[in-house]
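Alright, here's a single protein chain in two forms, structure 1 and structure 2, each given by itself as structure tokens.
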Structure 1
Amino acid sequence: MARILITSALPYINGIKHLGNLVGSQLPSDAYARYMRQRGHEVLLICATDEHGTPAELAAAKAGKPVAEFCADMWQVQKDIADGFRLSFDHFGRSSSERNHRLTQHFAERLAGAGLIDEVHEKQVFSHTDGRFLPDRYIEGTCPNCGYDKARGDQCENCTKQLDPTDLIEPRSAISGSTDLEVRETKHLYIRQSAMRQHLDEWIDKQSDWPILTTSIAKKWLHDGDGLQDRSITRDLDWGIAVKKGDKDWPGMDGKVFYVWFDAPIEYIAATAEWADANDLDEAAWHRWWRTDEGADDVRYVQFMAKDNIPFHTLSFPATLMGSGEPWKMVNYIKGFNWLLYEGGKFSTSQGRGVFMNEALEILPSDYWRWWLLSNAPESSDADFTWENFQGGVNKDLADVLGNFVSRVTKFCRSKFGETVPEGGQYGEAEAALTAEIQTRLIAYEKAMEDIEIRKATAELRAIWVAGNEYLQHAEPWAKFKTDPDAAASVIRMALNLIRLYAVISRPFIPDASDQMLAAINLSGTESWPDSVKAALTALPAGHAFTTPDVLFAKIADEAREELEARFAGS
């Protein structure tokens, strides 16, 4: 049994996330965690809200609430939505926690002691209209590298080049749009990432199994232009973690807080400590996941994130861990995702364009979204959500293939044999061929999940569902029953066992439907992963009672699809 630590990129606190955010980290991390738990491994799935920085302050002001109250309220909103999508986090924490405050200040103290932090006098943009310094994400302008006119002061989303606010052409306040800006001198702390360049380069070179998307972005940041740059880890803000060296004040840093991108990844560790606290466990309980001198060497640590987060997780956070000189667990595998687009463009909160997580759950149950998003996960390239594709995926895969199979089998059995697994008849060549095909497919499915190739895994799972339908079509128990009821009984017995198998192996992707299928055949969600398909397809004995379930998946009608297209088209 392996021990697997899984972290999902932290959703930002300032609003409800859209479907692209969901499939870019949280949802695939859950599917992977569910699968690994079913295979008997010890899994710890950690996530949290990312709560510091100017966006939280602005969102709180817009809501008319103190920022701490706003963040607490939004944490609950995001937690409820995560529960609605059946995201099985072992702990869903908060980056504003006391644990994260102490750990962030601890890391700053360690980095300073190692000579990896400089105090830098720099020029920073001050907005007269807004009456405040503008943190880099609240300055927009034209990227000097690619010409994108909505680049932010820390990074261009178009070309991913790392920027400073003073690099931007024609800068403006992202808060007010004002160009009445002034560059003033202030002092900040910088982490000397450049001093860690060789260590990071060598470490990344050792990660031979990382996805190309992950390594290519990391290498680009390491080597393009002037290479990896030193980065500020402080900001002139009220909301955040106060700049201290451990529990001591940092001279000259009064009124400053740590940059959100410094403290947010540290929350992975802090949230694990929060998990231990919440479960009345001691320090050793979370140290065994994070401290290599206390057992974490045996842990496989996997991170899930969208591609814009990759530079911070391959370079900045590792630089913090390495630079501390302490035995912290380094990530083993980083699964990066491309973008999910909406009808060929970007999701937009301001324009009402695209589906957001709370709206999705109001429209359809979570399994519909889980299946389509994971079976279309943007792994090798950007993916495009369209209502037509969504309708097609739900109707074909879930309603016609899986749902229809369950309905046909249980209803036919009830009408001809009653609501128990029928006796009579022996399995023959058709059943042997089906067993062999599913065994081959299941091995491929398992390998895809081990390799975290989500789309490939769903393709194999879908093929297993299809195999059962094709078997049923060729076996024709409804025709056999007229002349050979025993032969029809053996087909239905096989089909009922297929329902059990489908319920077990589909759980990582559609957990609610899995529960429904198991409940229909009077079993629970504790059914174990099959070691042998042959054994799994004889698990339900003759006489085992079942009930005919309600429709697993309802089809999406054309009229409903058209209404949804219009509703979410945006202004």
Structure 2
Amino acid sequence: MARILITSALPYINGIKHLGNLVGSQLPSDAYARYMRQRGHEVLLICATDEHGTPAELAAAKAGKPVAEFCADMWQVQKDIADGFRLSFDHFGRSSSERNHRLTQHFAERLAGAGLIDEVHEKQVFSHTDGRFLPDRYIEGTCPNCGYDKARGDQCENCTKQLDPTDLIEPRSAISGSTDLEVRETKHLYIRQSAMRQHLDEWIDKQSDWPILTTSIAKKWLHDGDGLQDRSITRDLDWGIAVKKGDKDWPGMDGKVFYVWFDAPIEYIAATAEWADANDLDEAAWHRWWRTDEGADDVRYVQFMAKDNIPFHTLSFPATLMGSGEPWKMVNYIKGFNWLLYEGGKFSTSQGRGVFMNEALEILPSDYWRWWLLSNAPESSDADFTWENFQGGVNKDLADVLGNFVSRVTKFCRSKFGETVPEGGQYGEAEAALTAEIQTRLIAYEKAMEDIEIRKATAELRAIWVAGNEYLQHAEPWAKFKTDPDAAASVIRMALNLIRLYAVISRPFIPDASDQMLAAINLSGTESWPDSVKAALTALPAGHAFTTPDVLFAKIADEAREELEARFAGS
């Protein structure tokens, strides 16, 4: 038995996430965690909301709520939706937690003690009307290069030229539109990533099994231009973690907070501490997941995230952990995802384009989404959600192949033998061949899950479902029943055992359907993973009672699909 620590990238607090966000980290992390738990490993799956930063403050203002209240409410909303998708987080924390405040301040103290923090005076744009400093991209104006009048302070979207806010002609606040701006001097802390470049480079070089997507992004940052740059880790904001050295004040840094990207990854650790607190466990209980000197040495730590998050997880966060000089657990494997597109374009919150998590659950049960999103996960390149593909995939895989299998077997049995596993006859060559095929495919499925190759895993799982239909077709229990009822009985006994097997091994992807299948055959969700397919296919003995279930997966009709296409086309 191994111990596996899994973290999903933290969803930002400013609104409800769309399907792309879901499939980019939370959903695959859940399937992986569920699989590893079923295999008997000790798993800790951690996620949390990422609550600090300018967008959170603006979203709160727009909602007319104090930031703390807005974040608390939105956390609950996200938590409920995560539950709706059956995301099996051991803890869903908050980056604004007391634990994270203390840990973040602790790391800052350690880094300062190691000489890895610089205090830098710099000039930033302050908006009197908004009463806040503005991040570069919250300043708009006319591009000095091409004359585009909605250029942002960091870059002109029209001519792609990189800009400094002071380059803009007639700069204004992107928040209020105010031109009452002033360049003010302010002081911020920088983490000296440049001083850790060598260490980070060597550490990245050791990760030979990481995907190109992951290492190439890290290498780019490490070697491009002058190499890895120092990075500001504080901001002039109200909402956030106060800049302190441990529990001591930081002279000259009153009223400032840590930058969201400094404190967010630390929340992975803090959320584990929150988990221990929530379960009345002691400090050692979470240290054994994170401190290599207290038992975490044999933990395998896997992170799930979309590609935009990779620099922070390959460089910034490791720099924080290394720089502390303390024995914190470093990530063993980073699973990065590309983007999910919606009907060929980007999901857009502002234009209402695409499907958001809350809407998805109103339309169909979570298993439909889980299956389609995971079997089409953007692993090797961007993937495209279209209602046509969704309808086709769900109808074929879930309704026709799996759902119909359960239906045809249970209904046939009920009408010919009654609602118990029939006795008579015995397994022969056909059953041996089926068992062998499933055993081979199961091994491939397990390998894909170990390697976190999600699409490959779903393809193998589907092939195992198909094998059941193939078997039935060739065994023809409906024909055998007329001449040799015992032979038909053994086929159906096998088929009912297949339902049980399917319920167990499909659980990481479609947990609700798994429960329904198990309930139908009077079992619970605690059925163990099949070590031997042969043994697993005799687990249900003759005489075991079952209940013919309702339709597992209803098909999505063409009219319904067209309606959904129109509804989510956006403005």
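These figures come from a predicted structure and were not determined experimentally. Throughout, rigid core stands for the largest set of C-alpha atoms superposing within 1.5 Å between the two forms. For residue numbers, the reference is structure 1: its sequence is counted from 1.
In this comparison the chain labelled structure 2 is the form predicted in complex with the RNA, and the other chain is not. Fitting the two forms on the rigid core leaves the C-alpha of residue 177 displaced by at least 2 angstroms between structures 1 and 2. Superposition of the core reveals a Cα shift of less than 2 Å for residue 362 between structures 1 and 2. Between-form comparison between structures 1 and 2 treats the chain as two rigid units and finds the smaller unit turned 34° relative to the larger, from C-alpha superpositions. Core-aligned Cα shift between structures 1 and 2 at residue 139: this is 4.6 Å. After superposing on the rigid core, the C-alpha of residue 149 is displaced by 11.1 Å between structures 1 and 2.
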